[in-house]
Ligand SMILES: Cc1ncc(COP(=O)(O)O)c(C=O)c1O
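Below you'll find only one chain, the form predicted alone, shown as structure tokens.
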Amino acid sequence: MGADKNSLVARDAGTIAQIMTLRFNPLAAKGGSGSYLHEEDGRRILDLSASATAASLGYGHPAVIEAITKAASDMAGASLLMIPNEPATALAESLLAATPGKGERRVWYGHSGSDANDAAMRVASAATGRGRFISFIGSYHGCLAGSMSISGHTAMTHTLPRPGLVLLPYPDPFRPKFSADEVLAMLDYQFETTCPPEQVAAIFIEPILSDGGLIVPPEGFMQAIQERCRKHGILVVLDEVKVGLGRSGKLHAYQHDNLEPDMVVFGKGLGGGMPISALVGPAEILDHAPAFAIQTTAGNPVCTAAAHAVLNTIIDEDLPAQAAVMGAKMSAGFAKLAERHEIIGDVRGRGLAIGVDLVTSRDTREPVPATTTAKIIYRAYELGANFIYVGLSANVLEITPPLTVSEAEIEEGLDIIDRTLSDVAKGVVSDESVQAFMNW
């Protein structure tokens, strides 16, 4: 597992800045195919994370390889900034067709969900003349100055929130500290007192609170939020970066709540592993001013060609429906594991976005210590599977395999997690072995 000084793990530690890394286990990949990553020694690791959902079609998908090869071999420039290119325009047309919306709309391109949410925030404020925003405690909208400032995750406390930001609790049906009605009452009270709604440009919503613990909102809550925003002319921005484009069992995760967003943010899985993000919104917002949010290589023909291949594959092969079926099988498998492992307090999610909430007691629902979660991640890697943990208490296993995952791979993953939970309960993993992997 990379002990010698020439291993990839050691080389990584000696060259890559820690401010850009988040290591959950000793996995170091030399390659990958399908749902598996390949280590230096040739060992295959079942990736139940899909690189935090970025590898939406797994690794080495033929459609993505073909699109990248074709676009790179006859490259239509390297930037969308100063000249149009066919792949970027064609993808924009497909994104507009696939994303419901009213009126004339436009597409903006970036490299990640971080920059797309950042651009959405900046242009919403500039175009509306309003400077305040609303988001949720537990939300993670990115790691640029702007997108960090409207995030509410405990991992973001190193950066102060944007002045005037209103952070609401995200109602959690498993740990109902605040009910949906109570959260709505908080918002109403903010509007009545310290946050006049005419000052608010937009609300940023994750249709599933991803890094906050894979929390699915109570039925009707998001619609009630949207109604309040519509009443006051507040833009509704749906952050679909992690759970969008088929993962939830629908093409767009917000469709489960019958929402009609003003702007939709895409990232991660859109590129199938290539760096690209997209923002879809009204022309009057995204045409606010030329050169307002520019990046030289954003919308380049190679990344947009790859993303178009991903989008076409998701739609043509009806991968949202497949995610619903496979996700139901996987959730059912975790429910069976819960019969044998008391540590599993809750299994939740939609489609192939599944959260396994680990508890010390099902009666109190107290989260397990972060060390326990880290040991599970570590031991699963040793047994041949990779996934990560999320949640404000670092106690939720995040299971987000590629949309192309097979039933056999799901069974393999469940078997590994079953053995992992037993081994960790027996004390197989030491505290010392996971100290380097508890940084989230």
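As the structure is a prediction and not an experimental result, all values here were calculated from the model. All residue numbers are counted from 1 along the displayed sequence.
Same protein, other form: the form predicted together with the ligand, not shown, and the subject of what follows.
Contact annotation for His308: none of its heavy atoms lies within 4.5 Å of the ligand in the model of the complex. Residue contact with the ligand in the model of the complex: Tyr140 places a heavy atom within 4.5 Å of it. Contact check for Ser114: a heavy atom falls within 4.5 Å of the ligand in the model of the complex.
The ligand is not drawn, but in the model of the complex it has a heavy atom within 4.5 Å of Lys268.
Judged by heavy atoms within 4.5 Å of the ligand in the model of the complex, the contact stretch among the candidates 235 to 243, 188 to 196, 67 to 75, 251 to 259 is 235 to 243. Contact annotation: of the candidates Asp118, Asp172, Glu206, Asp357, the single residue with a non-hydrogen atom within 4.5 angstroms of the ligand in the model of the complex is Glu206.
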